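Heads up, the chain shows up twice below as structure tokens, two forms, tagged structure 1 and structure 2.
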Structure 1
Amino acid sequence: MRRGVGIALILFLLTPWVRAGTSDITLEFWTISLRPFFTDYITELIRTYERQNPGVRVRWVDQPVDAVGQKLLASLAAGTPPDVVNLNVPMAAELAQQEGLRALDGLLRPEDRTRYFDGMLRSFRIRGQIYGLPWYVAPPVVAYNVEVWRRAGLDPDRPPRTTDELIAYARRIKDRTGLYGFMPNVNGTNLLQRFQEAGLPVLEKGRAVFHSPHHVRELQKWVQLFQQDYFPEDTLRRGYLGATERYTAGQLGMLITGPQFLLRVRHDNLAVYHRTRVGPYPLDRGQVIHAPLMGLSVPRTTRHPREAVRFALYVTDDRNQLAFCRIVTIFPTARAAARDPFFTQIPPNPTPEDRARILDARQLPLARDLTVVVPHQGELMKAFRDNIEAAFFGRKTPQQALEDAVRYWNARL
């Protein structure tokens, strides 16, 4: 009798805890470098979700962009991964191939899929399965310093429309002012995206094919510009960060970048910001624009996959994407959000960001994340980068560099 009472008492005491354990869920949500500028937005987003979903708590962790990959890997290895993590396409591809992420196909309803631009959702399709929901995208624009342009005899009302025109403008700025005209996105593996923007293929039937005479000519073009000192040497080493710094210091004619970086120019040098105008990203033969895409992925070992996907769908829904786009010049990946008048009507007294928003929204249908996804991603990309740099520094001819890279790729593909 006494034993029975004891057991009943224990069960009674344990019951609320057991019940609490099954109904109360804490989701860990990792973002990349959103503090402190967007703290209010994310906090409010989470608060609303928690109000709408009693029993679900969301713990927000913001990671620096350089560390997120390693921290995620460490947490996966330790068995304590976040439930939802913000990744770009290259990071998602690398982790999906290492079986660190969960394929979302079985967790998405058909109406969830049709919410996004098809090309953007497809960017997260790796080995035939979806490993991320597109969150926001930032197609590049050309920001230019009108004072430098005037000194170079260029018309500030006529931004470049094509890649060839962009190069001609950059040459003219250097020749007439002594300042560099641009820092083109040809560092690292960006040339793979440039090939596609120029209408040239990278892979065909699973084999690397970027060593045709057209590809060689494309590389040759940039190598010549580099060797003739039409863009600074540190373009290859410092990429867009170096470009933003140089432009902000008033030492660069044009800045090819995501419009969100105008915020940094405004913050660091108001004088240059006031001299800045914005033009559309010049198109090449491929009639496509590489737009780095951010998404939300779910690690493979999360304990709450359904809840994690539900939260990711909430963060990327029309309303929340639109609210995010209103506080920074980024663009929605959801079709309905992109149709909002916010992206079509220019306000009175527009800032460079306002102009960038309208220009970019028009180019949104051409925007796609052109990141090449291959097995052994890190290794193959390093081989490509090393060969291209060898060509830029004259250690290999462009033809030899591309042939060596293709040979390396095809041996590993």
Structure 2
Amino acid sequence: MRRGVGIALILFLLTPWVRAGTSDITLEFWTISLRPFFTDYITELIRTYERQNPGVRVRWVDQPVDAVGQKLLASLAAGTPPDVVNLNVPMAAELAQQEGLRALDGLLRPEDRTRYFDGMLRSFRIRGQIYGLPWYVAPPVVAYNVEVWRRAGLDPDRPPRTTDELIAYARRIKDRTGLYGFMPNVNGTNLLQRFQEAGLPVLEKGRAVFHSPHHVRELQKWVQLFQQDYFPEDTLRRGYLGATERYTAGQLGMLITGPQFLLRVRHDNLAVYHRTRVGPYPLDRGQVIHAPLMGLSVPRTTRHPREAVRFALYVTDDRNQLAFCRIVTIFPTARAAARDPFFTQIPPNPTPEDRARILDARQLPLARDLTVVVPHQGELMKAFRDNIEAAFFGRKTPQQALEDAVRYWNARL
């Protein structure tokens, strides 16, 4: 430990841009809703950094998730932004398009880039430049009720590996038990992510292209399942919340979820928890998994861009990510952290959470944040959502719904 700190200090002193002057500066670091549960972790993280970097102080400000966007815009307008800010991909993309963030490409060394999973770093590549460093992620798994599966004649040791198998299992559960097999994540704008997981593009050269015959067949597949009553109506109205409630009540065969949800099952219904197993996220033709991603960005008007990037690299390094993952059910964006035995070795008498941790870690190379970010975001997403709902409820054909949505998008893009 002492030797490691010593090496870090030597590297610090030898780095040209650090020698250029980091004495007596204060970096303001914004996180999102980490107090009070992770106060000890963040406080120790900062304390260690300050010990390793004499002359640098870090002021930590934790913002509530529903206010961080407005507060950041206000601070940018006032010329008092934080130096490092925790943002998800949609937030970072929107601010980058508004010229509120600094592109990090010129501030990163090649070895800085390769420490992260490529897909996650690319999630922060906006208009060809990097606007954030990946911090943590929570890819989904499929949780399933083995009692429901046995009633349906399914083998609990063979979870679905593909989207087609997932659908076949859901049909069988409904046909043989009367319970719904799943509530697929196709409500609202989630279908844009489904398209990408199916290997279908959403935008090409800045134009909407999600109305090809392949896209129409993809939407038609889900519309038919809905109209044939293979997933319930509240899938479209309540989405993930409705799915978690049905699963916890023992009324759903499978649930696509983050591993952290298993803790809720254990808390709310221990009997269902004991019947729960987990499998890997079923893949589609795109061989990619949508996983909401958190990162660290640097506002454009920070007075200390190099020091801010250096601190962001420290927060997201292998050791600090691993320490964070050990205290909360999240996953690292750094390749080396994901190779730790914590993510590769199943302990004796594993819980569903233990199994989910190992399964999710194996799929990290496929994880990306597939959120589509476009100008006039709210308006275009509403147009997409309205058209998709029209298709599900029979007011438009899938082809007409997608063509209308694409026409609307391209008139505004």
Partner chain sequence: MRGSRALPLAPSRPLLRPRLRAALVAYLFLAPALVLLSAFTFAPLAFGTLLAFADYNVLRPPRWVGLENFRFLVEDPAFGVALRNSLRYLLVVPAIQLAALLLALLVNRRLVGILLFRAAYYVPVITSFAVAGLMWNWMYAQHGVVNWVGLRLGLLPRPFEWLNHPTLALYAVMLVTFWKGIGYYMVLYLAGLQAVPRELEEAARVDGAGRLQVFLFVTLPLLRPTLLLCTLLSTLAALKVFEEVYVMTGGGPFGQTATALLYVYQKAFQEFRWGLAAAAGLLVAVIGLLFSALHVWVFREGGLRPW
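Each form is matched to the other, and the largest set of C-alpha atoms that superpose within 1.5 Å is called the rigid core. These figures come from a predicted structure and were not determined experimentally. Numbering runs along the sequence of structure 1, starting at 1.
Working note: structure 2 is the copy from the form predicted on its own; the remaining copy is not. Domain rotation between structures 1 and 2, with the chain taken as two rigid parts and C-alpha atoms superposed, amounts to 18 degrees for the smaller part. Core superposition gives Arg57 a CA displacement of 8.1 Å between structures 1 and 2.
With the core fitted, the CA of Thr329 sits 2.4 Å away from its counterpart between structures 1 and 2.
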